[in-house]
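Next comes just one chain, in structure tokens: the form predicted on its own.
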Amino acid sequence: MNKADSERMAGILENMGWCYTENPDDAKLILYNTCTIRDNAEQKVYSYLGRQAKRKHSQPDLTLIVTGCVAQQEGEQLLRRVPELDLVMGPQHANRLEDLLQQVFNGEQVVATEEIHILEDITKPRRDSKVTAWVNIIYGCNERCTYCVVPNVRGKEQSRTPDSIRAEIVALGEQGYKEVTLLGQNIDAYGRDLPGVTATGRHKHTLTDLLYYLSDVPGIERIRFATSHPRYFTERLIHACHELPKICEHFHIPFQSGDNDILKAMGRGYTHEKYRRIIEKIREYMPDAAISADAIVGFPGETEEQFQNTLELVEDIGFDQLNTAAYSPRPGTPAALMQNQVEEEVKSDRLSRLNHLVATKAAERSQRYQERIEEVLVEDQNPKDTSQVMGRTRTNRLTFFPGKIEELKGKLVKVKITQVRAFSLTGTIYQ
């Protein structure tokens, strides 16, 4: 989500006539797009800012901007801490960057963190890739997970209209993009805030309906979506993914904990049994589908026995990939105030045990690719071996194989897999 915001803001700056430079010390304008989901990301912001704030004393025409979630969370506090800042801007204001910068160039110091209706994307993002693209379909989040700061910093759910989303994807298809990833903090909530219900009383606009609506865009060969919430993941959605040939067989569905009492304390609204049923149903429709997820260890009050329930879930399901984190208290969240915080050494021990199991299970899951023919969308050259190109299978496995990037970039190539690793594959072009 942050990458997509960065690309949009870079597009606005280029549209204003700014040129990108690799070295921050050469720049006249520096924009830090920040994340506050974990404390260490937030601390990095301050260390980067400190360096540039010093530079501003000798170069007063340097413009310093902090956007994103730390900006939203800290607001005017940021100006007190770093008075050299020119603009502090929350994620909901990303599309207003040009207007806000005009105020800065008129001599104002601006803080834009009030809740607003997000303006429709009218700018062209400066996309990092020419092959795959992010497309926001819903901003914000109405969930209230007790550990999560996202609803406080990204605001209420706001869905884009199906027509504006389709128009953006049609344009991407015309520009030669082959794959889009639809984005939302809680993507299954798409359309709940849009008007209209069907004759049966169902919301007229759901993620499932949107997938059917987007499934025939010319030029686009693959569609992905993230991030899903187990509470809203329906069989109708699974059926659509199975039925529509362009939807990739890869699902990112965070479970966070394998213990029901911890899930309840987290405010997640489902049980580990319900989560297991979702995965079973996906595998019933698409046995080869890749499943990835997020998990937190060391949530306040988590006992060793409860942690074992998380290990058991990971053992039973066998994820293709799992993003793991030790619980990190975030300001303004209920979990940060809970009395029974878990000690850092315990968190770190549990994290390393979980990561070990994740790597073992992912390596087992990888075995199914050995000697198989996989369709790979070529995205780039392998930076570690320039004789190879790299891309992803439909199940989102990173795959390397010999080839020339100038001939293969953006092409769907059949690759015979000759070597499997826990999180990536190597192969050769299948003639």
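Note that residue numbering begins at 1 and tracks the sequence as displayed. Everything quoted here is computed from the prediction, not taken from an experiment.
If you look for the form predicted together with a small molecule, you will not find it shown, but the lines that follow are about it.
- In the predicted complex, the small molecule lies within 4.5 Å of some heavy atom of Ala295.
- Contact between Arg38 and the small molecule in the predicted complex is found at the 4.5 Å heavy atom cutoff.
- For the chain shown alone, Ala189 is not a contact residue for the small molecule in the predicted complex, no non-hydrogen atom being within 4.5 angstroms.
- The shortest heavy atom separation between Arg330 and the small molecule in the predicted complex is within 4.5 Å.
- Residue heavy atoms within 4.5 Å of the small molecule in the predicted complex occur in exactly one stretch of 302 to 310, 74 to 82, 318 to 326, 208 to 216, and that stretch is 318 to 326.
- Of the residues His250, Lys178, Arg160, Arg268, just one reaches the small molecule in the predicted complex with a heavy atom at 4.5 Å or closer; this is Arg268.
- Here is the short version: of Thr132, Gln185, Asn260, Thr113, the single residue with a heavy atom within 4.5 Å of the small molecule in the predicted complex is Gln185.
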